[in-house]
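So this first bit is one chain, no partners, the form predicted alone, shown in structure tokens.
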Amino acid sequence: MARLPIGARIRDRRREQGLTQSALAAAAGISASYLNLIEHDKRAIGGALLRRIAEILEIDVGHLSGSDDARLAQDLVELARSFGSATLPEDSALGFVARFPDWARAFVHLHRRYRESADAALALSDRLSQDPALVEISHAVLTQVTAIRSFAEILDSHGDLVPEERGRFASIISQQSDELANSARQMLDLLGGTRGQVRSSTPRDEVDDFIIAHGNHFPALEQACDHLRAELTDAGADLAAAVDERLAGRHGLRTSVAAGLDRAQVQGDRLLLPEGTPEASARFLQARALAERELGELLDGLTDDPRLTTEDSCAGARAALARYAAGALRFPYEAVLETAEALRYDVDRLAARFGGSFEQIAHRLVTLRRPGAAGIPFAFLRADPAGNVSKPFSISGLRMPRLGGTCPLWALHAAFASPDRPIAQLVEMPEGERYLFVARRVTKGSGPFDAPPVAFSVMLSCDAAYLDRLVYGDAFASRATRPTPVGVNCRSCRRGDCAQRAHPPILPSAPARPGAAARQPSAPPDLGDARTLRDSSQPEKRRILAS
């Protein structure tokens, strides 16, 4: 992006102060012609001269230099791109920020509010199309509306009904209206909480909400795990060996391998691991078992949260926190952050350095959100070969779907075809934002010959602004590779020119990008209209009149 036009601010401030160019130039110790070049941004300015002019104009040097405005100008460019105006010159955004910073901030704030509303609408569309409870209530609403319409048309079309029949039909309409109102209340209860926020309806969704609300960072757990690790390795002991010894010596829990298991479990005084469990997974499971026993009170305190409304959601959150603690114990915060920056977030090298798996390290990177010592903000998602998603964690601007599938063009799915290496992908969302996706297929252990492998695809994502800090961004550093146009999923994606579309969009199609092939946008879904309701009521009317 070009430099901010400081000259316009100097000129505007000089005029506000009632100074001529000659007067300001003389006071600053420069020629009037040189000041004229500065005010028209023909000459760069900084250092002592900028500070001297700021003092004469009685204005903060930071305001003149625009040190805080470069990001605001970039926000304006991204805002324009999101509405299909990708050809607007960046210099015009810089000039607008220089002359009207308050208006620029207002436009960016308005756009953010729009994005928040759009995200809420898309989240609700996911719920309406996937949540079994909402699907059932929606069907009930449609049935009740159809019944009310049917009986109302009978009353309107047949004036010769005897009073008894008219009274019976009116009573049915009243009853169906009460049921419709009750269904509407149930739907509102499911969709919105006390503050109008989208609310979960399953324990897993409540656990996701709980983790997202904390930004997937729990300082109390980090501190407790630091203390526990220091105690375990005080005499220079290996951490993995110390955890194993602590489990056996203090808690009477010994680790052994058992045949026929599909997952680890505790039976009596044994932590049983399936045959073929990788060493990284075994160490992680031991660390989790130790955290559950030694940090139990802390885990219980953290799950005492109003977002967790059932015993199942509390248990799920406690298990998620135990896994978090295992990662915090095995992979120290400061060491992981420092090494990640040095290795440019190469997850495979980090996994080799710390003795973890790709998924474990990816999880740990997402939790590096300590204020003042944070890593790159990552989103996280896991999917199985059928496209079922789990462990969604979003970042600002990029919503990870919580129900249903994802866009089939995501690297999340391509990773299944490349099991031995990560897949890096630069994508552009329908609104114009760009993100880097890094995905890899992972398998859970090695079972018997006739057992199908348990495979997942794990994906990290971050804003494209961090490309130069990640080894995965090197392939896109030259900007020669065009980003892949993607969406979140078909229902919420407004691209009208996608050959991979499986479902029509709920929202109107987005405007075509400059240079994109003109294609007819997909038709909106047929949600039913008055004609449909009327036609569906005819057999019911005939049956009632015949009875």
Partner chain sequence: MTKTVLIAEDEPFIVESLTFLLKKAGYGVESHGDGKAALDAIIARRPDLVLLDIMLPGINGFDLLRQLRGTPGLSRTPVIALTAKGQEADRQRMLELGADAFVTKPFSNKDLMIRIEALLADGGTSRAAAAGRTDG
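Numbering follows the first chain given and starts at 1. Between two forms, the rigid core is the largest collection of C-alphas that superpose within 1.5 Å. Only a predicted model underlies this, so the values are computations on that prediction, with no experimental measurement involved.
This protein has a second form, the form predicted in complex with the partner chain, left out of what is shown; the following refers to that one.
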Q. Heavy atoms within 4.5 Å of the partner chain in the model of the complex: which stretch among 141 to 149, 426 to 434, 250 to 258, 265 to 273?
A. 141 to 149
Q | Interface residue in the model of the complex among Ala289, Ile172, Ala351, Leu232, criterion: non-hydrogen atom within 4.5 angstroms of the partner chain | A | Ile172
Q) the partner chain isn't shown here, but in the model of the complex which of Arg421, Arg344, Arg168, His227 has a heavy atom within 4.5 Å of it? A) Arg168
Q) Quick one: is Glu338 in contact with the partner chain in the model of the complex, heavy atoms, 4.5 Å cut-off? A) no
(Q) Test of understanding: in the model of the complex, would Asp450 fall inside 4.5 Å of the partner chain by heavy atoms? (A) no
Q: May I ask you to check whether Arg293 falls inside a 4.5 Å heavy atom distance of the partner chain in the model of the complex?
A: no
(Q) Test of understanding: in the model of the complex, would Asp178 fall inside 4.5 Å of the partner chain by heavy atoms? (A) no
Q) Along 153 to 173, which positions have a non-hydrogen atom within 4.5 Å of the partner chain in the model of the complex? A) Glu153, Ile154, His158, Asp160, Leu161, Glu165, Arg168, Phe169, Ile172
Q. Is Glu222 one of the residues whose Cα moves 2 Å or more between this form and the one not shown, with the core superposed?
A. no
Q. Can a Cα shift of no less than 2 Å be assigned to Ser150 between this form and the one not shown, given superposition on the rigid core?
A. yes
Q. Quick one: once the rigid core is lined up, does Thr310 have its C-alpha move by 2 Å or more between this form and the one not shown?
A. no
